[in-house]
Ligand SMILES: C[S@@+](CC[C@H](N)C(=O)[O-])C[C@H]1O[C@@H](n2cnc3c(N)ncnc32)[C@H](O)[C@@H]1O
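Before any questions on how it binds or moves, here is one chain, the form predicted on its own, in structure tokens.
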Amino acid sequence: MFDAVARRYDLTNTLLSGGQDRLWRMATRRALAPGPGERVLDLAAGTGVSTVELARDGAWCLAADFSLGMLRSGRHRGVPMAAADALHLPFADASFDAVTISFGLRNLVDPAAGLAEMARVTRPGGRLVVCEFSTPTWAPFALVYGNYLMRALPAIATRVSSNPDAYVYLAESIRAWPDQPALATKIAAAGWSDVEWRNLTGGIVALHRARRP
């Protein structure tokens, strides 16, 4: 499915988010705070647009994704890339100072196993940031957003995406995803400590941060 949407993936995301995707990437970088000399794993990185943002502060950042089509579409970005299954990462224990996954945890067959794998490849004291769609905190806004997800989003995707059916899945998976406290519990259960979160865009997106004990 992701191979099929790779060609116009970044453009479609920008249109569907009303340009908020750039702000969400910047917020993720600030939350992770990667520094010069650090090794950062950007998991489910797609075409690497998020990896470029993470590397702005001098860290060595690796874009890893299960979709070869997405990686091929992002080769021009000039960041290191690796094909990787998030449930069986091809990296040694404690290989990275920090790991992040943006809008990808929801797509894993087993998110809990993915979070545990991220903990395995992160050094003790290392950091995690999960940027993911979440639950709006104001009821009237949540109602409007729910209508957008199930009606407007698929209609827009039909016009701009190379695979509109993928965005029907997107809307359905967002609605089924745990809210902020529930995801924090899952992250802690997978071996992370000091879990906290911050809402972006009224809770449409949440940044969950944690540390590797």
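Sequential numbering from 1, following the sequence displayed. Remember, predicted model here, so these are calculated numbers, not experimental data.
Note that the form predicted together with this ligand isn't included here; everything after this is about it.
Just to confirm the contact call: exactly one of 44-52, 29-37, 179-187, 144-152 touches this ligand in the model of the complex at a 4.5 Å heavy atom cutoff, so which is it?
Single hit among the candidates: 44-52.
Suppose contact means a heavy atom within 4.5 Å; in the model of the complex, does that hold for all of 137, 197 and 207 with this ligand?
Spot residues vs this ligand: no contact at all.
Does the 4.5 Å heavy atom contact test between residue 129 and this ligand in the model of the complex come out positive?
No - in the model of the complex, heavy atoms of residue 129 and this ligand never come within 4.5 Å of each other.
For residue 79, is any heavy atom within 4.5 Å of this ligand in the model of the complex, or not?
Because no heavy atom of residue 79 falls inside 4.5 Å of this ligand in the model of the complex, the answer is no.
Please check if residue 118 has a heavy atom lying within 4.5 Å of any heavy atom of this ligand in the model of the complex.
Contact check for residue 118: no, nothing within 4.5 Å of this ligand in the model of the complex.
Give a yes or no for residue 86: in the model of the complex, does one of its heavy atoms lie within 4.5 Å of a heavy atom belonging to this ligand?
So residue 86 counts as contacting this ligand.
What residues, if any, in 65-79 have a non-hydrogen atom within 4.5 angstroms of this ligand in the model of the complex?
Residues within 4.5 Å: 65, 66, 67, 70.
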